[in-house]
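Only one chain is included here, represented as structure tokens and corresponding to the form predicted alone.
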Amino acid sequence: MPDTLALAWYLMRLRMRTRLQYRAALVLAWVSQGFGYAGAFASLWIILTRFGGMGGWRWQDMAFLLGFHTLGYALGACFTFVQLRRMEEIVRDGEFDSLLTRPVNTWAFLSFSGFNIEYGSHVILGVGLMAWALPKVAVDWSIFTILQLAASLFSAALLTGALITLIGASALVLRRARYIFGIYFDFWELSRYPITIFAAPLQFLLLSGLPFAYMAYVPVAALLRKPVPYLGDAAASVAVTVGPVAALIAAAFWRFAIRRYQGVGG
């Protein structure tokens, strides 16, 4: 285990040093992404301040939700998204065959060697929104709620990484899986909002088969003590459990997909 962790840290440092060779491009990427998110959030702020809220959520509640969502996504995606979005090309070009010959876990090598620091703007924006909102929201802060916030954030990051891993691993079996990322982001956009504004069937879907509600809504609603459909008082415990369970499922599916993998020639 120490050797594995040392290798992971070495791969991450190597990736960061490579990316930092082009500092101006990196800063421009951060600024452009930051402005993109800030523009979308500003539009939502205007709507909420004009109409007084959304489904019982005030702007400060939504700022907490958006900050949590952005930060949780960034922490999970920086290890997975860019790397596994390329799985089609990696399989088609035969690169994955060469990865299988290396004496390291293929998922770990892909994830840590492709560690993406371009999510820096997401982290800054997410932390900034949460830092502004936390003193203003109705949370009874204690050691327990602070631990609940940290565990929920960790769970949301694991859930993000798990869902991206499941999609990436599909390319090993289906050969083509990039279109699934389009579907993923359709639902990911919905996870920025309180699910109580959606129809009941969509609420149930986001809490069960496609668990995007756990990326932000359920953990934040539990901290704010807002009612969560179908979960009730179990929302807080479920929010910190979903991520680790999803990670175990993703790991099992990754191993299954590798066993089914037959190479680019079939």
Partner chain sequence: MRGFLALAAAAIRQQAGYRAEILSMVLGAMIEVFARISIWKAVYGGQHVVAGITLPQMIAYAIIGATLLSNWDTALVVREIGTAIRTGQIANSLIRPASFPLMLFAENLGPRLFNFAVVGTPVIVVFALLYGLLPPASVAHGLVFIAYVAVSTTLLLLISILFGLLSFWVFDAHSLEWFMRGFGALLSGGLVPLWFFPPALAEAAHVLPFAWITYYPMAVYLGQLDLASAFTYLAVGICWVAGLVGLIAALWSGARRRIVVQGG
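Numbering follows the first chain given and starts at 1. On a predicted model such as this, the values are computed, not experimentally measured, just so you know.
Just so you know, the form predicted together with the partner chain exists too; it's not on screen, but the next bit is about it.
*Asks:* Is Phe35 one of the residues lying within 4.5 Å of the partner chain in the predicted bound form, judged by heavy atom distances?
*Replies:* Looking in the predicted bound form, residue contacts with the partner chain include Phe35, since a heavy atom lies within 4.5 Å.
*Asks:* Look up in the predicted bound form whether Leu202 has a non-hydrogen atom within 4.5 angstroms of the partner chain, and give yes or no.
*Replies:* Contact with the partner chain, yes.
*Asks:* At the 4.5 Å heavy atom threshold, is Ala138 in contact with the partner chain in the predicted bound form?
*Replies:* Because no heavy atom of Ala138 falls inside 4.5 Å of the partner chain in the predicted bound form, the answer is no.
*Asks:* Is Ser208 one of the residues lying within 4.5 Å of the partner chain in the predicted bound form, judged by heavy atom distances?
*Replies:* Ser208 lies outside the contact set for the partner chain.
*Asks:* Which listed residue (Ile183, Val127, Ile146, Leu100) meets the criterion of a heavy atom within 4.5 Å of the partner chain in the predicted bound form?
*Replies:* Checking each option against the partner chain in the predicted bound form, the one that comes within 4.5 Å is Ile183.
*Asks:* Just one of 63 to 71, 214 to 222, 41 to 49, 228 to 236 has heavy atoms within 4.5 Å of the partner chain in the predicted bound form; which?
*Replies:* Contact-bearing stretch, as computed: 41 to 49.
*Asks:* Taking the partner chain in the predicted bound form, which residues of 170 to 208 have any heavy atom within 4.5 Å of it?
*Replies:* Heavy-atom contacts to the partner chain in the predicted bound form: Arg176, Tyr179, Ile183, Asp186, Phe187, Leu190, Tyr193, Ile197, Phe198, Ala199, Leu202.
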